[in-house]
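Have a look below at one chain only, the form predicted on its own, in structure tokens format.
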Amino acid sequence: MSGQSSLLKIESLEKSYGPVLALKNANFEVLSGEIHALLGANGAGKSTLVKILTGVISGNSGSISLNGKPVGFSSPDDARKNGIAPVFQDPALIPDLSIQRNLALTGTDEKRFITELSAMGLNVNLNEVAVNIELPLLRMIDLARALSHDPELLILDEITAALPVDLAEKVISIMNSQKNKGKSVIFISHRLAEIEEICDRATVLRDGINVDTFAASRGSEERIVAAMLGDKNKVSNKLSDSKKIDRSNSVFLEAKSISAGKYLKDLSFQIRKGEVLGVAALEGQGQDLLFEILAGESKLETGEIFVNNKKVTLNHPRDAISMGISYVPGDRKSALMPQRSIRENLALTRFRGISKWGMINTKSEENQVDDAISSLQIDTRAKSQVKRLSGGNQQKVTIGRWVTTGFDLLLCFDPTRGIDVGTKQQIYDLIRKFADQGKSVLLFTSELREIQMVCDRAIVIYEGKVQADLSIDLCSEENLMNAAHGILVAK
């Protein structure tokens, strides 16, 4: 990319958290007018680097220069004033405050914000409290707020992971617009197809060190994976040797004409024992409410749910759990006790099984927790607090607690969102293992190609109803997308 000047240059950057070295002599450069991918497995140091760049934390050593001048940011506001605006992996809005008050906290001009959001084809009531807004819209609000500051460098950390296809396409358009204006974007994503399509160059971190920088282009996926994971790890594109469902197996759960709120309207489906049933849908079609109803977190208004051919009522999560239904929500942070240890989080659902008269059998607890850590390959270097784990390891903990408890149906809502390819593969393998054991898995994913890789069958939800029920051989991305837009799929 000759002729382009250096906008950002990082040299020999290091950062440690006690005994854990997150960045080791890391080097990174972004040119003016480029979209640069920052890649790496969970725990490689990407989030740490972004936090240093945006003034959230300080590095222990190393240098940062912007437009050739040395800089160091003492706060996010300091970074914004220097032309760096991030959209972090998790929403940066304070949940209990209105959007208007959240904008005021970052000195964001309301008119400029509304203009940016309107350009995306979106709108929001500024008096709405952030906690009442769905995650995909929150991500777009974060993006509009960042763009309102007219940054020279926009940092997008896994923004598309929480978005349906239509909103992800809007983000891609915005990135290209920034590039066309001569501005730069750092783009962090585990969706390798996006990297190949959008980015000019890619830098890969592994164990806190940059191991490769190269031009991103079609066919570079293999090089990316090799750099991220090293030669000792191989990731397959399909689970071709996994067991497929015997369609004669009995039904575990059936929903008949269920409706709730403004999203679910007369939805019906079945899931069999030993089946991985995929769910595909664009944003706002009722898929999140469906999972919450099955988990006992939201109430059904009309319709019926049957478990093992018996009508059931799911008024509380404990009702679902007692029937063998466990839930892994899309927001893993809401499912964890962030200040507590891995052991405490994994053992949380096992209290009754390892206690008598209120006394916990610590030996039994340790054995079950150790088994879950081993089977899920959870990194325990930061075991004292779950919040210090990488996103992938946090997700393993949310799944692992149900491994220790036991279940018949696992509800997985976008479980691989924001997770590196190696950890995704481990979760795919685990899901298939559950099915081979005769357990059922209901899997919603925003990454449609996962359905072909993991599932036995898929339903597509459109306007609160099942638009299509497809055998796995019909679950191409084209068919899934057509059904998600209300177009009938030929069988």
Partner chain sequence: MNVIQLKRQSWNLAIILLALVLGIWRISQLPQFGAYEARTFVLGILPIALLSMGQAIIIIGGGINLAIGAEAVLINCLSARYMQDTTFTESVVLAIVFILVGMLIGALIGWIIAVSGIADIVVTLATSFLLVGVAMYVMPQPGGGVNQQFADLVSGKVPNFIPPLIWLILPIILIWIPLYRSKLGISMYAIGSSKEAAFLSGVNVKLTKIKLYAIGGLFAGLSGLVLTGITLSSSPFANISNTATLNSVAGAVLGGVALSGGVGGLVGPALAALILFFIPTILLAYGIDPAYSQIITGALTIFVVLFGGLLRKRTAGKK
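Here, rigid core means the biggest group of C-alpha atoms that superpose within 1.5 Å across both forms. Please read all numbers here as calculations on a predicted model, not as lab measurements. Numbering follows the first chain given and starts at 1.
Just so it is clear, the following notes concern the form predicted together with the partner chain, a form of the same protein that is not shown.
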Query raised in the report: Is every one of A92, P95 and R101 in contact with the partner chain in the model of the complex, taking contact as a heavy atom within 4.5 Å?
Result: yes
Query raised in the report: Out of 122-130, 268-276, 413-421, 192-200, where are the residues with a heavy atom within 4.5 Å of the partner chain in the model of the complex?
Result: 122-130
Requested in this report: Would you kindly say which of Q178, T106, S259, N82 lies with a heavy atom within 4.5 Å of the partner chain in the model of the complex?
Outcome: T106
Query raised in the report: Considering the partner chain in the model of the complex, which of L66, V56, L31, L430 comes within 4.5 Å of it through any heavy atom?
Result: V56
Report task. Give a yes or no for F88: in the model of the complex, does one of its heavy atoms lie within 4.5 Å of a heavy atom belonging to the partner chain? Result -> yes
Report task. Examine R139 and determine whether its closest non-hydrogen atom to the partner chain in the model of the complex is within 4.5 angstroms. Result -> no
Report task. Answer yes if any heavy atom of P76 is within 4.5 Å of a heavy atom of the partner chain in the model of the complex; otherwise answer no. Result -> yes
Query raised in the report: Relative to the superposed rigid core, does the CA atom of G83 travel 2 Å or more between the shown form and the other one?
Result: no
Requested in this report: Kindly check if the Cα atom of N102 is displaced 2 angstroms or more between the shown form and the other one relative to the superposed rigid core.
Outcome: yes
Query raised in the report: Rigid core fitted, is the C-alpha displacement of T313 between the shown form and the other one 2 Å or more?
Result: no
